[in-house]
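Next up: a single chain in structure tokens, the form predicted alone.
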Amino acid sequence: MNDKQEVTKAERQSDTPALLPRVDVFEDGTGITLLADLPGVAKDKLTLRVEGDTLQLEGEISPETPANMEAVYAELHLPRYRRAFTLSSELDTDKVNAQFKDGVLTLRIPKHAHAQPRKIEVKIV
């Protein structure tokens, strides 16, 4: 598969309806922490991408159905989560740390060193 086919596939996926996961974002002096609730998503069905100043997360929902049973009624009609964020240029997207546990994605994106607060020493002359 070449790059053009991959782009076309990604574009098709972005056109399909998806659920917006609930997200909390916290900022401190050294960066941001993003917590996204993605229940029903397996780690191998989770995709994170940074393109330019955009962070995109997408996860395919794989509901667990007991053996020899099928859902008669389900309130979940969309098979995936998708959400995109525009990132500040202060953030260092080369150093993103991602952890996924119990359906919660935790992303830590540090600020560039020049964007972090620093203390300036005052000298007595």
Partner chain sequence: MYESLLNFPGGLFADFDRLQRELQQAFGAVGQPSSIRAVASGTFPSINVGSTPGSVEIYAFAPGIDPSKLDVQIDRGVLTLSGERPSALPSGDERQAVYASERFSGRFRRTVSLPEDIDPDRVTANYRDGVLHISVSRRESAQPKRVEIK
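Positions refer to the first chain, counted from 1. A quick note: this is a predicted structure, and the numbers were derived from the prediction, not measured.
There is another form of this protein, the form predicted in complex with its partner chain, and it is not shown here; the text below is about that form.
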Partner proximity in the model of the complex: residue 83 to its partner chain, non-hydrogen atom cutoff 4.5 Å:
yes
Since only the chain is shown here, I'm wondering whether residue 96 would be in contact with its partner chain in the model of the complex (any heavy atom pair within 4.5 Å).
no
Spell out, yes or no, whether the shortest heavy atom distance between residue 37 and its partner chain in the model of the complex is within 4.5 Å.
yes
For residue 46, is any heavy atom within 4.5 Å of its partner chain in the model of the complex, or not?
no
